[in-house]
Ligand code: 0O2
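One chain is shown next in structure tokens, namely the form predicted on its own.
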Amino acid sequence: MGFRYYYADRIREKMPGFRGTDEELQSAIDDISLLYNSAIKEVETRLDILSDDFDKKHSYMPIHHVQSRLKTFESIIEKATRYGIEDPLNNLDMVRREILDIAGIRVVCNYEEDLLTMSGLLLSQEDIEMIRVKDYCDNPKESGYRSMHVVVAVPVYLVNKRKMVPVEIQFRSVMMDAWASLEHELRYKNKGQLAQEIVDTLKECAENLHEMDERMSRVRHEVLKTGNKYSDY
């Protein structure tokens, strides 16, 4: 099974509380893996097509790169516990309804203005259901973090049914992604704890990069005014 990413015996060693059989646990794990990996592929394909079509029409590709990940089964259960879901290992249907970032995609765009362009194009597709949007671009987190988080439900077609599966998509500019990736690495290396002086410095760096984002965007639009091949965008 190419989509299998966890095995029941491994889960039972760490989480012995599942009341069903190993076969039932394995089936539940495989179902999560198949559905959410398929949803990731679905969204990635749509983004690729949108970016290619945008390039065809405007000679410009707004997406710099795309990354994706599927939460580990342990992480899913741990998050469900933090969300207050009782006995999540035996309530996986509820876990899947409440935990909306089991499948995650990061879309890194060249400029901040591209975030609205690409998220808008994706959300305008008829069979995409918008679940929620959290915009941290104009209203960054206290840490300085900026991004646009969009949760959508996408159709996954199986052999005899269609399932709508949630995917969390983080739209970031190159500058936003550089800061977030480095800040995450620093926190990870220090077990999530950073001195206030470091926190303040990182927030200042985030502001500086945001200003750079805006300046680069202004420079770009100055270039576009010259009537080059991008002038229709």
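Start at 1 and count along the sequence shown; that's the residue number. Remember, predicted model here, so these are calculated numbers, not experimental data.
The form predicted together with this ligand is left out here; the points below concern that form.
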In contact with this ligand in the model of the complex (heavy atoms, 4.5 Å), from 49-57, 166-174, 24-32, 195-203, is stretch 166-174
Decide whether Val66 counts as a contact residue for this ligand in the model of the complex under a heavy atom distance cut-off of 4.5 Å.
-> no
Would His184 count as a contact of this ligand in the model of the complex, using a 4.5 angstroms cut-off between non-hydrogen atoms?
-> yes
With heavy atoms only and a cut-off of 4.5 Å, decide whether Arg106 touches this ligand in the model of the complex.
-> yes
Please check if Tyr157 has a heavy atom lying within 4.5 Å of any heavy atom of this ligand in the model of the complex.
-> no
Can you tell me which residues in 136-161 come within 4.5 angstroms of this ligand in the model of the complex, by heavy atoms?
-> Tyr136, Lys141, Ser143, Tyr145, His149
